[in-house]
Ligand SMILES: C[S@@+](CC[C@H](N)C(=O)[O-])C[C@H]1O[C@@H](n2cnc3c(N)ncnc32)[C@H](O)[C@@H]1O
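A lone chain, given as structure tokens: the form predicted alone.
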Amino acid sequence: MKKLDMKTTDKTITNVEQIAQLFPNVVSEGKVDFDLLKQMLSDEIVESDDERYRLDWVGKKASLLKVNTAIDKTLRPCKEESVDFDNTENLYIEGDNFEVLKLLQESYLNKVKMIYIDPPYNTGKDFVYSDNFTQSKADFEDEIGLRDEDDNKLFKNTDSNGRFHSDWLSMMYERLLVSRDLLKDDGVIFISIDDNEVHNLRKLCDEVFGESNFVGAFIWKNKHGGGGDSPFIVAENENILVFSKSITKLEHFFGKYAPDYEKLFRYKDERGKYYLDRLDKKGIDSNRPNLIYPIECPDGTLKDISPAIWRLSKEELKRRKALNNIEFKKDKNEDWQIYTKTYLYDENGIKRKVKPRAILKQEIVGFTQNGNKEVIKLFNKKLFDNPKPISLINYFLDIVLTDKNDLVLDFFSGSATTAHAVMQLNSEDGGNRKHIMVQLPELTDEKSEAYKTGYKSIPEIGKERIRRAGKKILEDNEASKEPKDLSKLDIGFRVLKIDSSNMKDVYYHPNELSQSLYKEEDAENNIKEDRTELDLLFQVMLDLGVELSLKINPKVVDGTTIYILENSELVACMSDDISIEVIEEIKKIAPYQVVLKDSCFKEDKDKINAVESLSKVSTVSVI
């Protein structure tokens, strides 16, 4: 029988264990000799030298420590704010996204295909994610050790290397480090950013994901007109940086058809639509003799090539001629020109795709104004400033998602455009892609239209948008000339909210509480009084690394509720004084894992007998 930790993993311990497996000589008593580790990884003598090419800032080491440190928080379900709680596979999570990402790291390790985030751009007025942004500058310097006991500064150029960029870098660094672990091996992250921090973000991502995993950067012209108040250059574009978990896995990374691309296929024969491409590559003096040869034209004349080369070898030309893939045309000077045919569908009947272009076309991805109009159309008011248009997110979804069951994560979800885009795409092609939205419960400005309308926080807007968007997708489909069967379309979401652990301090530190703080009732019940059985179930799911979207089937046995997760992944019972009938029912289900509350049994002998019986068919844990 195992007692659950009910907190996130201490990554420092697991990292040291992994290092010990590779280099046992550098670990002693659980501590790593970093100088020796450096030497083990070098083919020359390592000298101590702090000067190297890297991005450093005040607070970077503290961020790494935060990433590795365990937290004992949980996610509490909120059924009344959810839509189709029992059946949906989508999640909407309220809370600090760093803590949320840490809580998700076991349940969603290597499971997310695509992350899109639109973080604060650090313009001086949009950054609310600092750990303690109300600190004075002096307090901040004291906290990170920038002053000695005599109040002397220990770090130069604090003004230029201080909090404005450092706080933002720390905030992003922590979140990117944890989110990387959630990506699948062929997963991709898209990050929208403007010119304020794009230079730092690129270096930051190089470190987190690796320089070799940089996929590219899109330029999005997000504005249509305006910019008259710009002091020097009118800024009318944003950047979207793209990094992969592993660049070698990106064989699927192809783009969506631009309207003008399909127009290229203006010719048609018995095989389908095609466009023509000149066979000769002019202006190239090549030493490849296999690409320099005469070609016989339809009238028997030979078409020689100089100075240039053919695109195809003689053998490939012969093969394509047999497939009717070569075409001869005379130009205005009555000279023969030779073309290759490129078909919309390749020889295997698969529609041809093209690599995406760095400069995004507005007719495909839209402007910021499109995003504004989409929100106004749903709410009849402008409740959110400059949300991303659905078409922009859909373009990225189309590039990356190869499986109609893929999972998409947005941990700066804002107005929930990403959730809207995923539902829209599913409605178009019958997919079952899932989304996880995470949003800080940031309050709306009391002077804003959103606040006056009744939306006191950003999550209230995001949740309501998903509700209205799902409803509108169904209504638009019903009103169309050829409605689709959308009965299986998932337009719901489970609302989860971050909170302190369900367990009292005595659960985590039973031997550390002083006698004066010890309460006898805590020994009998180590669970907080205001927590429900469903609260406990979700913390158990986090602890065991179970996906939070699995269907939960409650079943009442002898007056006791047991919770059966989809595919019998887990059965949990959080009731007191359970009977032998409950144990026998769980044995019949034979789940992979069973979790029981320690107080499920009146006497220890009953617990021992029940655990022994259940252990024959399942792994048993207690809380």
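For clarity, every value in this text was computed on a predicted model and none was experimentally measured. Numbers for residues come from their place in the sequence shown, where the first is 1.
Unshown form predicted together with the named molecule; subsequent notes refer to it.
Engineer: Taking heavy atoms and a 4.5 Å cut-off, does His435 contact the named molecule in the model of the complex?
Structural biologist: No, His435 sits far enough from the named molecule in the model of the complex that none of its heavy atoms falls within 4.5 Å.
Engineer: When the contact criterion is heavy atoms within 4.5 Å, does Phe412 count as touching the named molecule in the model of the complex?
Structural biologist: Close contact exists here: in the model of the complex, Phe412 approaches the named molecule to within 4.5 Å, heavy atoms only.
Engineer: Any of the heavy atoms of Gly187 lying within 4.5 Å of the named molecule in the model of the complex?
Structural biologist: Contact check for Gly187: no, nothing within 4.5 Å of the named molecule in the model of the complex.
Engineer: Give a yes or no for Phe384: in the model of the complex, does one of its heavy atoms lie within 4.5 Å of a heavy atom belonging to the named molecule?
Structural biologist: Contact with the named molecule, yes.
Engineer: Give me the residue from Asp181, Asp96, Asp543, Glu460 that has a heavy atom within 4.5 Å of the named molecule in the model of the complex.
Structural biologist: When the named molecule is considered in the model of the complex, the option within 4.5 Å is Asp96.
Engineer: If you check Asn90, Thr74, Thr417, Asn222 against the named molecule in the model of the complex, which one has a heavy atom within 4.5 Å?
Structural biologist: For this set of options, the contacting one is Thr417.
Engineer: Want to guess which of 212 to 220, 437 to 445, 326 to 334, 529 to 537 is within 4.5 Å of the named molecule in the model of the complex, heavy atoms only?
Structural biologist: Correct option: 437 to 445.
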